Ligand code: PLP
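In the block that follows, a single chain appears as structure tokens, in the form predicted alone.
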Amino acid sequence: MIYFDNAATTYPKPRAVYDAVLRAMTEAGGNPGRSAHRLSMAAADIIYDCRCELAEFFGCSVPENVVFTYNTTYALNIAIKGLVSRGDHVLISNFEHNSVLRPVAALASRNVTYSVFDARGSTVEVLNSIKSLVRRNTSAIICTHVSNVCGLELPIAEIGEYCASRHIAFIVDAAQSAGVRPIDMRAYNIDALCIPGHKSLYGITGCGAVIFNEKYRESYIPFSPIIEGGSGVDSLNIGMPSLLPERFEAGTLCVPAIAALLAGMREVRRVGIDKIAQHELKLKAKLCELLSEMPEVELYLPSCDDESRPGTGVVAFNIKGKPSSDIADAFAKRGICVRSGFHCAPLAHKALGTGPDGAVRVSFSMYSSENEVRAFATALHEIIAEG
């Protein structure tokens, strides 16, 4: 099998991740923060260690500002619905996943409006697009770091600097970049960073996080949780705790998934983000070279010539005149895993002009190889010849 669907979830995982899940289930099987016995304390230790390492990994000095969630979508909902108030205006990019678009659109019930800026082109062009749309009541800019459709990287350092100068909250969806592109919350002026555990940090599904800027730690958090329940602390209070992380962590956390995230993050650090990124980009360049030699193939490449924004190992394409779902099915029959359709990102597909059936997406991980890329190209030749 050739697995090229890593933008959905990476596979395989490092051996250390599988081992960490088993250890969490056998040696830390208690409910964290609910008891003082050994199994409960072992679970709590895993969670705290992961908070500390995530905070350090992404440039936050306060581990308690790491809030664990089910996934990136849940993290984005917490950040967006918390930091955007009634009557506000927000900006999003034209490459957003539905995890941003739908929560923002749902805020129409609070009289929140939004505009869409163009993330294509140079950094100056992207910033000019943003500046042209900012209003007096613009309270937040919410954007992906890297597109899940084509790997386009947005200039989040420069966007964050602009947000800070205008006192606008900056929420970043790092679903496709966490673990493969450098992110420093402090340097990039990020108010809320939303990440998955199961993609380029090589954990398993069932765990994500929203990491809040350090300024949200000093006093009462100025927004409400989107779910209430047991937190393991302050049980006599009818309301949720006022401080992070318990304010947003209602119910029992998924300890095995958090253990997997911790192990995966450590493996990424051991190998090196830059090394992983260069490997994936090398494979992307090779695949684009091979596809460009096929006149039947239409490539959807991001328009960005900025070397500081290389993006990630994601390629979108179609065979002219053939539905993307048929192409993906033909690959599946050959033991090759890709994804077709709109990838939960209709704005990105509209910006790229992929057409009524979306596109086929190929996405790499640190375990992908050039031999697999060549085998993929050979299979694509066969699929084209079949008509």
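Residue numbers run from 1 along the displayed sequence. In this text the structure is predicted, and so the values were computed from the model without any measurement.
Although it is not shown, the form predicted in complex with the ligand is what the next lines describe.
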item	value
Candidate from Arg309, Arg181, Arg247, His198 lying within 4.5 Å of the ligand in the model of the complex - any heavy atom	His198
Residue contact check: Asn189 to the ligand in the model of the complex, 4.5 Å heavy atom	no
Exercise: Leu380 in contact with the ligand in the model of the complex, heavy atom 4.5 Å	no
Close approach of Ser93 to the ligand in the model of the complex, 4.5 Å, heavy atom	no
His97, heavy atom within 4.5 angstroms of the ligand in the model of the complex	yes
Which of 310 to 318, 198 to 206, 285 to 293, 234 to 242 sits within 4.5 Å of the ligand in the model of the complex, heavy atom basis	198 to 206
Residues from 5 to 22 in contact with the ligand (non-hydrogen atom within 4.5 Å) in the model of the complex	Ala7
